[in-house]
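A single chain comes next, written as structure tokens; it is the form predicted alone.
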Amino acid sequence: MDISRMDDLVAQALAGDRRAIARLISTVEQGGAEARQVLSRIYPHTGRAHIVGITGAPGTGKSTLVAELAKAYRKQNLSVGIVAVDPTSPFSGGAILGDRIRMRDLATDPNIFIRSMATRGSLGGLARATADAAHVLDAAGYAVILVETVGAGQSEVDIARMAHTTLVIQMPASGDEIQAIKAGILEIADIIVVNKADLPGADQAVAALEAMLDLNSGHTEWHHGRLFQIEGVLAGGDQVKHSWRPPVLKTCALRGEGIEELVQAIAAHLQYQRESGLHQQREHDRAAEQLQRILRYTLLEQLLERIPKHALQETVEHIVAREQDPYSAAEALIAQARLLS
């Protein structure tokens, strides 16, 4: 893509052109020099959207809940971007589930943009380009960006590093309460949602989750996997201490029940972050994490480009034959790459 064409595409996306937005997301998803050029042009226009991550085990109704949240935000006249990350097809490399099928009743709303993305082997429940896709939607003016993860269960921690507010979805009588203890997934939750609350055991699930939160809380509270207590200054100049205890809410997304209360809780969490100063801290952490991620991928790509393929294959054979351990092999390859540079 030539520079003038890219500039036109970026300008159209910033003006809200849906086809241009889709083209830019496809470009950043493919990676490479063009993706970097796109991101460098749109990045100054980002930082306005509220990114909400939705995670939880498969079958908890995440996609239905995302659709209901989108409808609720549209009633507030807010534009909504949705990034639904699906497992990768082993044959085509594309997204298997296709969440846009489940959200098809939203497709006619011009102020809702839905994009399915395949993980393409990435761990942690997110695709490599998920954050970049969110940047495109942010720059295009979408006020709320809902990011639905794969729902792999115990690896859903990457979303907490990306989102401003993280929802962890549970369901009654599924054993998720015990799973939450094992995985520590409650530690990434800003809001816990017991969906499918029309099923038996919903109240017991809420009580169990509340008890777990009580075990983790004292004078400090969990937020994105860290215990903290923040002192802040309110607009009136009063010095206060802030702490956020994740609320446990019941919803039945299929019936649209409990959605209004959930939207209110998400808004309260955003207000809390702004008043406590945590919002700025989270922006700093997100930028640092993204920079480190980019450095890891870039350095790995550069390293692999410098190592001859036959040398890499020979090293693998040495490791399989137990003639060399993986750590020593990696150090030797790095040293070889330095000599070749």
Ligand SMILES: Nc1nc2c(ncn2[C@@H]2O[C@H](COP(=O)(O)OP(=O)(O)OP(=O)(O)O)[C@@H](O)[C@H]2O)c(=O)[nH]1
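Owing to the predicted nature of the structure, the values given are computational and were not obtained by experimental measurement. When you see a residue number, it is the position in the sequence shown, counting from 1.
In what follows, reference is made to the form predicted in complex with the named molecule, a form of this protein that is not presented.
Each of G59, K196 and L199 places at least one heavy atom within 4.5 Å of the named molecule in the predicted bound form. Interface residue among A207, L78, A107, L254 relative to the named molecule in the predicted bound form, by the heavy atom within 4.5 Å criterion: L254. Note on contacts: among A139, L146, A129, V150, the single residue with a heavy atom within 4.5 Å of the named molecule in the predicted bound form is V150.
Heavy atoms within 4.5 Å of the named molecule in the predicted bound form map, among the stretches 60-68, 297-305, 26-34, 284-292, onto 60-68 alone. The named molecule is not drawn, but in the predicted bound form it has a heavy atom within 4.5 Å of D86. Taking a 4.5 Å heavy atom cutoff to the named molecule in the predicted bound form, none of the residues in 257-296 make contact.
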